[in-house]
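Here you get one chain, nothing else, as structure tokens; it is the form predicted alone.
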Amino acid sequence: MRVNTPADIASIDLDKAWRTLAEAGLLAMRARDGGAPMSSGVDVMFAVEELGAALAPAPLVGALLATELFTLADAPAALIDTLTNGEARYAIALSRQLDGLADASALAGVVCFGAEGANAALALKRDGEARYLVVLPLANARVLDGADPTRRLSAFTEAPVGEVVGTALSQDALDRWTALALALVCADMVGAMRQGLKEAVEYAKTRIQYDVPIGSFQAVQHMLAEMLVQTEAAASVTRYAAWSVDALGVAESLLAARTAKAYCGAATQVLSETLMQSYGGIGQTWEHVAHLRARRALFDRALFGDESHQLLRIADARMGRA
């Protein structure tokens, strides 16, 4: 399931990868056992981080978030079971700005994330002040060429007829879901960038210039050291956010997740640029893995809102505007 070059993306059997996730029990990590998640936010964070490091094209984040939405909406257990055992796949329909769940009544420009092999996408439907989870068929969706070639996106070509599932979602439930979503996207960024740093360090040890490894040059050492500082700081805030999903109240958990996303988003911009720079010219070639890491992390930066979006939402919460 690991992607080392762009050519690997086409050669990986994505159905087999999906079955592997199901057989390993990863799809069921957020299913409930006695009302509690079978795996904590920290557990799923580690799984997502590893898949991010591998640039895996399997849509684990989308599947975990779909399970969480179904659970929070009190969807029938049989429906959740089809997702957790791998029989059904659901994408997450995101707003045009990618900063949250899409409104099922306005699907123009909506992007479906985690769409690889998905049968349907999940969006929200408003009925007065109430918001319901809606399942939208993806039968006529078209594949999008996204910035990140390791994960497939799709868009609706026409407005499908959706089916409301479960009961109305409370604001607390949606905030709890958003906190999990932000923590998992941060974990994917950390995985991609941490592995990128590891590979850049190995390259600096073996790439010879002027008869010495380029890692012996102080300028290269400073660049990689700064990457390490920012990567580990991003990992620390992500771990706290993932822990808070199940351990803290909704407001505190969402604050931790928005703080983590704000830091990771800003750090990823710098880390991606530095990663490309660390390889020199070879890093700019299509065959090299560096641009795949940068593109995945930068797409994560936009998912569910970049750092500016998060900081504004934090300010709203602090000033009582949300």
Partner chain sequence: MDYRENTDELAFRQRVRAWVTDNAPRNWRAETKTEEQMGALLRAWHRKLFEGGLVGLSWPTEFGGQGLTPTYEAILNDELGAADTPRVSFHAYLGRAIFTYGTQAQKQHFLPAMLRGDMQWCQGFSEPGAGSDLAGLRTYAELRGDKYVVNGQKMWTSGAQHADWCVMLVRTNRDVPKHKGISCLLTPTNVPGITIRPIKISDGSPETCEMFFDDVEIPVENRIGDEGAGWRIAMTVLSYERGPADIGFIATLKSTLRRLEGLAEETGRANDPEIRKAIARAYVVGEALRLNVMEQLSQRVAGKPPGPDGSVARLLLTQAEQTVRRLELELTGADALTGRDESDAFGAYLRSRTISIFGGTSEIQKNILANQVLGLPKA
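Predicted model only: the values in this text are computed from it and were never measured. Numbering follows the first chain given and starts at 1.
One more form of this protein, predicted together with its partner chain, exists but is not displayed; see below.
Heavy atoms of Tyr263 reach within 4.5 Å of its partner chain in the predicted bound form, making it an interface residue. Although the partner is absent here, Val229 sits close enough that one of its heavy atoms falls within 4.5 Å of its partner chain in the predicted bound form. At a distance threshold of 4.5 angstroms between non-hydrogen atoms, Arg126 is out of contact with its partner chain in the predicted bound form.
Contact annotation: Ala225 falls within 4.5 Å of its partner chain in the predicted bound form, judged by heavy atom distances. Of the stretches 243 to 251, 127 to 135, 73 to 81, 142 to 150, only 243 to 251 has residues with a heavy atom within 4.5 Å of its partner chain in the predicted bound form.
Residue in contact with its partner chain in the predicted bound form (any heavy atom within 4.5 Å), chosen from Ala302, Ala22, Leu312, Ile12: Leu312.
A heavy atom within 4.5 Å of its partner chain in the predicted bound form is found for one listed residue only; from Ala159, Val165, Ala233, Ala88, this is Ala233.
Residues Ala204, Lys205, Pro213, Gly215, Ser216, Gln218, Gln221 are the members of 202 to 221 with a non-hydrogen atom no more than 4.5 angstroms from its partner chain in the predicted bound form.
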